[in-house]
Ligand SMILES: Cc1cc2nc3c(=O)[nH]c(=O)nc-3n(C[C@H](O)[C@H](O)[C@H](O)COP(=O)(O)O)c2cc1C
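Only one chain is included here, represented as structure tokens and corresponding to the form predicted alone.
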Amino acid sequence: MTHPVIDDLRWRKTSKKYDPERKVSEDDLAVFFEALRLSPSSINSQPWKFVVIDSQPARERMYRTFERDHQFNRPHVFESSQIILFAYNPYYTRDDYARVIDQYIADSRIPAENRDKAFASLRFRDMNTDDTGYNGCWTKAQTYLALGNALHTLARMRIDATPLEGIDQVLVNEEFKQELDGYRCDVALAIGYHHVDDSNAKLPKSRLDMDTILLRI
């Protein structure tokens, strides 16, 4: 099959080693960040925050979070162009959704007089909220939609990426507690350009056959 979308996805491979001499340009970063902002989410809740690890002090802080576990991902901290923490709001409230609705009004998506009616969509949040107000399972799922969008966007831009579930969640959330401000990070994403010695870049793409994963009824 030949198609630009398929070509992009066949090109994408998880990078195991980055070229520290190559950085993503500011123009490309701007496109990528806008793509993140445009990610889909349930009821357009947008319950996320993206913290970009870019400066030397921030990288040093991120490096420290690997002192106990997942050291195989530690080199990405200084070799990749950036690392992005994908964080979600574990206690998404009516006030959080009010920001979305007020943006609807500002963008002329709905008239101001329909503001109260727009809160009807919150029933989907309510269905995923326990007695303590916790709905992190739901908001974390939305964050993975953004992660998927990020990976496809980067593939189109021919920028390499490595999803990092291999992080010490306790240390990351403690180290960046101020920046996260109540949000929680369980996954990060390294971006940049793979090194010529990246073994994974030389391997053929491998996926299960279509017949084993797709059922048309």
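Residue indices: 1-based, along the sequence shown. Given the structure is predicted, the values throughout are model-derived calculations rather than measurements.
There is another form of this protein, the form predicted in complex with the ligand, and it is not shown here; the text below is about that form.
The ligand in the predicted complex is approached by Phe72, whose closest heavy atom lies within 4.5 angstroms of it.
Heavy atoms of Ala146 never reach within 4.5 Å of the ligand in the predicted complex, leaving it off the interface.
Among heavy atoms of Asp181, none comes within 4.5 Å of the ligand in the predicted complex. In the predicted complex, none of the heavy atoms of Gln46 sits within 4.5 Å of a heavy atom of the ligand. For the ligand in the predicted complex, the listed stretch (53-61, 155-163, 30-38, 173-181) containing residues with heavy atoms inside 4.5 Å is 155-163. For the stretch 6-20, the set of residues having any non-hydrogen atom within 4.5 angstroms of the ligand in the predicted complex comprises Arg12, Lys13, Thr14, Lys16, in sequence order.
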